[in-house]
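Have a look below at one chain only, the form predicted on its own, in structure tokens format.
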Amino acid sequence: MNRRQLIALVPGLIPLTAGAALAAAPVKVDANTLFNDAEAPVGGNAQGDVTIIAFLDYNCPFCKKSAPDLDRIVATDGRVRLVYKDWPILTDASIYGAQMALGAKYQGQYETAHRALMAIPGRNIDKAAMLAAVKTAGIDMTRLQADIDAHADAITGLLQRNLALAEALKLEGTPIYLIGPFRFSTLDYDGFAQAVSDARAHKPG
């Protein structure tokens, strides 16, 4: 089963009434595609001088291991812009989680949902556990369902673009962090700090 087939397995959420298989067309890999997708959630300092682009899956144990240190470097540095690229490639529950997190964005709660999902211990987390985590985080579930229904095409389209972008970049698995001109997998806090420093040093001028 390839990644496009996997994502096509879950056209609905709780349930999402409209959805489409991700038969993504090739995307042009340029700075605008990577940094400025209008639908992609953004954290940290919107005017930051270094951007971290994070390709993540809510069933990825290595994503979960890095998540607290990623949050910490963004908070302590103060000049990092974080672009989330939900890339649910491991299970259909991963897609379910991504749909919920992206739906929560419309009530300004993407990072709340994201952190709740990343905090679930273990791997192979099922949909019920993901739904419970989002509910416990204080997300307005009635609003979430309404936003998922209203923005089904936008959520599906973003996941399509993330998938196509990851394939165009020849990414092999999660997590992947693009920091300046550098590409990393799992990093701890010191690794993130060094990567951010190196990215700043690499900038012209």
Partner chain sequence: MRRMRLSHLPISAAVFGALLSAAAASPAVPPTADEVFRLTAKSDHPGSLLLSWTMAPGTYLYRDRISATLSGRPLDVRLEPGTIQDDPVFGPTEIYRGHIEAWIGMPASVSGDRLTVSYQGCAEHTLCYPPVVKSVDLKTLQVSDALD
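What you see is a predicted model, and the numbers here were worked out from it, not measured in a lab. Positions refer to the first chain, counted from 1.
The next section is about a form of this same protein that is not shown, the form predicted together with its partner chain.
- Only one segment in the set 103-111, 73-81, 128-136, 90-98 has any non-hydrogen atom within 4.5 angstroms of its partner chain in the predicted complex, and it is 90-98.
- For the three marked residues, Ala168, Gly180 and Leu187, a heavy atom of each sits within 4.5 Å of its partner chain in the predicted complex.
- Under a 4.5 angstroms non-hydrogen atom cutoff, its partner chain in the predicted complex lacks Arg200 among its neighbouring residues.
- Among heavy atoms of Pro61, some come within 4.5 Å of its partner chain in the predicted complex.
- Residue contact check for Pro68: none of its heavy atoms lie within 4.5 Å of its partner chain in the predicted complex.
- Among residues of the shown chain, Gly157 is not one whose heavy atoms approach its partner chain to within 4.5 Å in the predicted complex.
- For the partner-free chain shown, Arg123, Asn124 of 107-128 come within 4.5 angstroms of its partner chain in the predicted complex, judged by any non-hydrogen atom.
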